[in-house]
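The form predicted alone is given below as one chain in structure tokens.
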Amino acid sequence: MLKVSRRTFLKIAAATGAGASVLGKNILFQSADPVLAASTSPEVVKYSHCVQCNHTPFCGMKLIFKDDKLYRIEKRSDYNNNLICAKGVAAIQELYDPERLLYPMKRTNPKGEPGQWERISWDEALTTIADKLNGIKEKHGAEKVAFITGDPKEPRSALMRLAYTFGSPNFGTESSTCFLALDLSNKLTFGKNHFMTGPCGPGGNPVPGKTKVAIFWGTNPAWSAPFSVAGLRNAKEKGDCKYIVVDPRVTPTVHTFADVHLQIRPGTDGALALCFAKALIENDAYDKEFVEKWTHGFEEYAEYCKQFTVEKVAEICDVPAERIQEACDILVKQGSPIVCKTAAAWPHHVNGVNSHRAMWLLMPLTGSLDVPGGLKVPDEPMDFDMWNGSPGFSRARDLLPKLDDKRVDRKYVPIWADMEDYYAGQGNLQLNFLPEYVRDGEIKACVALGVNAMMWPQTQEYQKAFQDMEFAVSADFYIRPQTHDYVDMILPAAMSFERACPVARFGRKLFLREPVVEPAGEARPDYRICCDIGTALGFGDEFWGGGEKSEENCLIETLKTSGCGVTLEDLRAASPEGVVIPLKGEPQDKKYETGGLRYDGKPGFETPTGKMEFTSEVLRKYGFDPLPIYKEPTQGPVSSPEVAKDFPLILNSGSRVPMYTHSKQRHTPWLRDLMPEPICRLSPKAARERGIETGDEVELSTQFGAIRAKAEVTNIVRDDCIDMFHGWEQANVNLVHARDFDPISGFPSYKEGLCQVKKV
């Protein structure tokens, strides 16, 4: 029986890159609690899945209990994802963390000061919330209340239901600084429908024997998605696929997969993508039949691409021309289908949406859309939303369109607002303008689940926005001063092993996850919190009266409205195994030919032209250039040479590390010991020029301020860049980022900017 001390955990995590489990062994780690270890009580087995890496992997867990306490985690056999990494293992420590928030708390001193809190009952908390929100609704209108989620992503459908039932369209998520710019790029290309946005958002995976070229563009799955690496490696070893990796860093993904690595200057991706397109078009290596029949604007696009020669793009991207030519030759000679595997944070530039469109267009250009080995669209997509709720449950279809004219983001990012797909159950307020909404009196209160003010650039502006609201309530696992010093009330949220909802979904297979332990203290699951607040607001029928059955009632409604034909009883009867939803017909390729990509069932795409658009008519309608134009980063060595004299390094922030997901898990001792302090990475050359060595304390400064971190000298980064991780309370890199936003998406520019690093 393997017992793991802190030292052993660190050794094993280091040996496996901190992102992988002990491969080949089922038993991973168990609690170091000596009382549990000595107990002779029988072991009890329960099943769940991990949510430490956000919402999607659902890595399976076999949980061993002693004396009603989680004792050991093992890999779950016969489950789609069962690679348990260090983060999953450390969930034991998080569950029993003595620093957890366990009771509702109300503020006893002014907002903006270090929080002083008084424990209150749930009854008092719910009564206060209802009085405040209903008062604002009666005086100013329901739309003056915002409903916001961060992490975890699970409660999004429930909070949507709460917002729209209350009468506010102003529901927003942290995805307005993360994933949804990529999603918008997709909609502008393929159309506004959930057949193409959710399933195809992060790009496809190469298929052995089918995919000819795989471009890993700005993504490092070796760290950010370790559960996928075995499959990716299998595709490389068993096929004749060539791999092009585009990344300013030299990551483990580069070492593992790259036939060609293009270490470009951050923010120049769009120029490189247009160069690839030029090579494909000029060498007749594109799918003429698809382009002629199913696309719009090709001639204008092809003409624009001509200027992006290898030589010009080599200068723009600061990559040797021969290396770019090598990548172009691979694309031309290997043929199609191709896939582009990207990352959620890829379009975090002021020109991010257009840069991502330029990359995205390579797949339809080569006829790689909805074919084996290319970017496949699921057959007969089930009516779940992106977070495994359903549009019927969230009431996005029946209520949200009636509230649409009260969205507060329309005057800032009208394209973002208009491209929301209400049929798919997506209603996402662009939260990056929250300071302006509050300043102008458009938002006066909010309900926030798992929200972290540090996710925004110039964080202090958003903290002030929460402070200036008439009322703000937040639910969380911990009291977090960076956010909660600016709110009126905090509610204790249940952790993953303490809650249910929603199901885990792998393609057409559904798994039920129910609580395996009782919530600690008076913590409540997010779904119940939403139902309890909804009931307190006067919507008892819509929220089944709240209470202990909330999660069960929500899950019943979700399954019923999803049309999947499976009930909660079916899932419970099959548990721990899942339930497969069979296809009604045969699998199909090229569903654009048969009406599978349009809501009306007609052939084509859900775009203004009914075709896949090289030139976006939505962009043209709003006065933007319809082409995927390339623009230099607003703040960079080319566009801002005067700034670069004092701040010569490119600020590239927000990359993932194996032991943390964004700002999560830094409360967990096992994981914190793997990276105990904020790290700023810079190259050996940049370090020598500044007299810096690994471990030195350094100051990272921009025009907007300065933070301190520990230096790590590494060949991972370019000589003209730094790589700074986000999420550190004591070194919040977003404090030194500009509030520069992509005018199409409203996304911040976390992958550009200029900075300086000096030894303290």
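Each residue number is its position in the shown sequence, starting from 1. No experiment lies behind these values; they were computed from the predicted model shown.
There is also a form predicted together with a small molecule; it is not shown, and the following applies to it.
*Asks:* Counting only non-hydrogen atoms, which stretch in 553-561, 328-336, 171-179, 361-369 is within 4.5 Å of the small molecule in the predicted bound form?
*Replies:* Checking each option against the 4.5 Å cut-off leaves 171-179.
*Asks:* For residue 455, is any heavy atom within 4.5 Å of the small molecule in the predicted bound form, or not?
*Replies:* Taking the distances in the predicted bound form, the answer for residue 455 is yes, it comes within 4.5 Å of the small molecule.
*Asks:* Is it the case that residue 48, even though its partner is missing from this view, gets within 4.5 Å of the small molecule in the predicted bound form, heavy atoms only?
*Replies:* Looking in the predicted bound form, residue contacts with the small molecule do not include residue 48, since no heavy atom lies within 4.5 Å.
*Asks:* Is residue 663 close enough to the small molecule in the predicted bound form to count, meaning some heavy atom within 4.5 Å?
*Replies:* Because a heavy atom of residue 663 falls inside 4.5 Å of the small molecule in the predicted bound form, the answer is yes.
*Asks:* Is there any non-hydrogen atom of residue 614 lying within 4.5 Å of the small molecule in the predicted bound form?
*Replies:* Answer no; every heavy atom of residue 614 is more than 4.5 Å from the small molecule in the predicted bound form.
*Asks:* Under a 4.5 angstroms heavy atom criterion, identify the one residue in 145, 343, 375, 324 near the small molecule in the predicted bound form.
*Replies:* Of the candidates 145, 343, 375, 324, 343 is the one lying within 4.5 Å of the small molecule in the predicted bound form.
*Asks:* Heavy atom within 4.5 Å of the small molecule in the predicted bound form: which of 242, 395, 591, 499 fits that? Just give me the one.
*Replies:* Filtering the options by heavy-atom distance leaves 499.
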